[in-house]
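Just the one chain here, laid out as structure tokens, in the form predicted alone.
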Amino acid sequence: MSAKPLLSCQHLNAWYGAAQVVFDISLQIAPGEVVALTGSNGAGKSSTLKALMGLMPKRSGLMTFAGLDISNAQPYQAAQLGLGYVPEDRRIFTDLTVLENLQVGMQAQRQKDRAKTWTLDTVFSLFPALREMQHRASAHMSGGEQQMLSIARTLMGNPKLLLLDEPSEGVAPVVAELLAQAILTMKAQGVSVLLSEQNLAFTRLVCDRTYTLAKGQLV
């Protein structure tokens, strides 16, 4: 990889309580790359993303993002630096409307040097269906629509890198195709993506490179 990495981790380990689930993982993501973590269910893909975001109870290793050490950063600190996270279970606020969910995703104007690429207009252009249902309670959305909303809400924070957990899981093929096109559009807008995915056909549509995991280790 010739470009200076946007995200780098060396010897990443992570635990749930006494159980270690991520073992000595080292990887890099360059600016503008879309990279996949592939592997079967239980391979450690989601746990690796959570560890990078600071969401694991215990982790070790050296992690840098945009040239800064985030090895001990809290999730909110990583988010303020431009690391976005879309969890597998979407975690939308079902008692809020689509528009209110997107407004929750807006970051305070802390990073004055960071371009504000993603606004309501640009995320509605990426996912036109959300514009049409912006005043709908998000509890009354399909799984595919909720996945679009979860991605759009994270983009409202204008991340430099998006950690995207199992984007095609549980959605119709036509929605998976739309999500693939959205990832390519994000890449064209300068957003790097690290996604976990079991669907190899989906990764072939969007990814520059892949890392394969098994039992929490790179293979």
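Start at 1 and count along the sequence shown; that's the residue number. What you are looking at is a predicted structure, and each value in this text was computed from that prediction instead of being measured.
The same protein has a further form, the form predicted together with a small molecule, not shown here; the description that follows concerns it.
> Just one of 28, 158, 168, 47 has a heavy atom within 4.5 angstroms of the small molecule in the model of the complex, so which one?
Replying inline: Looking at 28, 158, 168, 47 one by one, just 47 meets the 4.5 Å heavy-atom criterion.
> Can you pick the stretch from 180-188, 148-156, 59-67, 36-44 whose heavy atoms fall within 4.5 Å of the small molecule in the model of the complex?
Replying inline: This holds for exactly one stretch, 36-44.
> Does residue 12 reach the small molecule in the model of the complex if we count a contact as any heavy atom within 4.5 Å?
Replying inline: Residue 12: no contact with the small molecule in the model of the complex.
>> I'd like to know if residue 199 sits close to the small molecule in the model of the complex, meaning any non-hydrogen atom pair within 4.5 angstroms.
In response: No, no contact at 4.5 Å.
> Should residue 207 be counted as a contact of the small molecule in the model of the complex, where contact means heavy atoms within 4.5 Å?
Replying inline: No - in the model of the complex, heavy atoms of residue 207 and the small molecule never come within 4.5 Å of each other.
> Is the small molecule in the model of the complex near all of 16, 21 and 88, within 4.5 Å of a heavy atom of each?
Replying inline: Yes, all three are in contact.
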